[in-house]
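Each of two forms of one protein chain follows alone as structure tokens, named structure 1 and structure 2.
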Structure 1
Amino acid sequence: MDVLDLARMQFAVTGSLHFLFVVLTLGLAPLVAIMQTLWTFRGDPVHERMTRFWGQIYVINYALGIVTGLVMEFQFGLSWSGLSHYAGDVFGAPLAIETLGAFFLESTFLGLWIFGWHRLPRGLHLACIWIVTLTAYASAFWIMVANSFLQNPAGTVDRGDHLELVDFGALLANPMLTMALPHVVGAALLTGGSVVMGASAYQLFRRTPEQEFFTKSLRLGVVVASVGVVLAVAFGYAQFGPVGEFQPGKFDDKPLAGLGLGFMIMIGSLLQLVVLFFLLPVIRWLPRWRWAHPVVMLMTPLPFLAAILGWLAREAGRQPWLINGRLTVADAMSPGLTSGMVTTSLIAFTAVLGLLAVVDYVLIARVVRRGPAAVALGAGPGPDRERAAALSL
């Protein structure tokens, strides 16, 4: 395998593994915010415990996801300096806004939310998690602005050795963005809802004593997943319009992109069928149907698989271009790279990201298996905190 193919593989691996964390973070944030809103206005202690339990899972995934993002940034600088030289003034702008604006706000208010339990007024504490959710989606917006620029470099002019941004509004109104962003939002809601559904079904299948807790969680997961699957499928098909206009050969003569698209459509259609036409109509009785719980559990990994396939279809279909029609992948590579250098970094990145993915899964599975009694997030001082600490050992 030559150095170009190795570099492409490196980006595919790091991008795919990082996106697994991102899609779950985006999916869980609004679920936790909804749970806390219900607790704040209804005063139901079950919703408080739900907020803490699912919030702890969200925090675990968020913390490890940050590290995967750092690996992504490092491989950008290591392997793709040609992209920075040619289009850094354009491509770097939305990434800088995402980091300095959305991400910093998100992490700041998440810290206030984590350490503000029993310290902040209830309404202010609720506002923190909603700001976390909104800034998370603002972060996704700016990332998708940057990615859509690669798909269609709208609002730019080629100055020979670099691209110059001449119309920032055109960058934000990019047709490759307007349909893709709601699709990503839908995929995230489907993923978050499916994880809540699967974990709740697991506990109900085990005949947990926390029946009310996981019954309410399962029902909320089904509702959010239903909204997500409609958005993901509808805006997935809506993207064929701009794709056909700006990248007419994307799926016709690109086998990998076509294969990824085909399997993504198949999984999306299956999830739509199961969630909308089976789970949603029987949402009232579903928690008591023990035979259906394994089906719900088996669904859990499917949104993650569909997300990776969708990402591959979107990116692989643009080859050989990194910036469609402007900069090839070969020209975007850093000069002086050798196969040995890229192979070494590929192995290192894959090992680090793979380890983080395994740790993420083990920690989340551990929280799910032990249930809400062992959750330390938001536990009050005294016996509650001591009990949670003892159960978490």
Structure 2
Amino acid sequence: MDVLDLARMQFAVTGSLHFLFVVLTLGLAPLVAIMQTLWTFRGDPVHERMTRFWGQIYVINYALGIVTGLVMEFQFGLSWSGLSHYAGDVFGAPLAIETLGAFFLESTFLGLWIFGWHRLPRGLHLACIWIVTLTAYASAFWIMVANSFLQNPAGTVDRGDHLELVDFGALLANPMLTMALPHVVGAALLTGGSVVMGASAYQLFRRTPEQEFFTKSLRLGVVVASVGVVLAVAFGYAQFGPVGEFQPGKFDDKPLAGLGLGFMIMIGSLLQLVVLFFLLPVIRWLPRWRWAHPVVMLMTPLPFLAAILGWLAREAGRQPWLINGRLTVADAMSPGLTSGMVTTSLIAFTAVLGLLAVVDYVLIARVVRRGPAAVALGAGPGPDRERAAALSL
């Protein structure tokens, strides 16, 4: 592999890892916020326990979203300084807005939410999780604005050696964005719903004492996954219009992009069939149908796989361009970058992040297995709570 392949590989590996975790973050955040809203306004303790249990899974997953995201943010400057040199006046803006206007708030208020249990007034604590949810989606919006600019550099003019931003509105109304954003949001909700469904089915299948808890959770998961799969599939097909217009050869002679697209559509259709035409109609009885629970459990990894395949299709189909029609990936690579540099950082990032990703999933699986009684998030003062928390510390 030459240095260009190595740099692309580094971006693909870290980007895929990042997406695996953020897609679940985006999917779970609204679920946790809805659970806490129900608890705040109805006062039913089961909703408090649901908020803490699913919140704990959300927060553990969040750790890897952060650390992989750090690598993504700095990687543009490390390996692709040609991009900021040619298009930084345009591409830098959505990324700067994402870090300041979205992630800065998300991180601050997530800290307040995690550590604010039993310290903040209930209403303000609820406001924290909603700010975290809204800013997470704002982040997704700005990242998709930046990505869509790479697919179709709308609102810009080529000034010879650099791109100039002439129409910010056109950047936001990019047809490559307007159809893709709801698709990504749908994929995230499908992923979040599927994880909640899968974990609930596991607990119900084992006939643990938490029947009410996981019956409610399973139903909420099915509803959210249904909304997600409809959005993801509908806005998946809707993208063929803009893609045909702006990137007509996107899937021709590009095996990775074509395969990614094909298998993603296959998984999407299968999930649509199962979620919409089997799980949703029988939602009332599903928690008691033990034979169906293994099917629900087995579905859990599929949305993650489809998300990675879809991302591969979108990005591999853009090759050899970094900015479609304007700047090639080869021209965007940092001048002077050597194989030795990229090999070292590729091994370091892959080894560290890969190991942490495995640890993270093992920890999430452990939370699922042990159930709501052993959750540390939101554990309060007092001997009983303390003991319950200590079990999971």
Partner chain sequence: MDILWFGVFAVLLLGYFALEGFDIGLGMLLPVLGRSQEGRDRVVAAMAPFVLAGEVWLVAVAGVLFGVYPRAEGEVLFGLYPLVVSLLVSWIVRDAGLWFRRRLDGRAWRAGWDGAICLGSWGLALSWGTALVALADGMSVTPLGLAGGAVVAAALAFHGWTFVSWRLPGQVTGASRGAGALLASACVAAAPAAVLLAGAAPWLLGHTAPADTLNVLSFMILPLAPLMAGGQVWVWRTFGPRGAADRIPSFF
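FYI, numbering is relative to structure 1, first residue = 1. Here the structure is a predicted model, which is why all the values come from computation and not from measurement. Take the two forms, find the largest set of C-alpha atoms that superpose within 1.5 Å, and that set is the rigid core.
Of the two copies shown, the second one, structure 2, is the form predicted in complex with the partner chain.
Residue displacement note: Leu327 has its CA displaced by under 2 Å between structures 1 and 2 (rigid core superposed). Once both forms are overlaid on the rigid core, the distance between the two CA positions of Leu337 between structures 1 and 2 is 2 angstroms or more.
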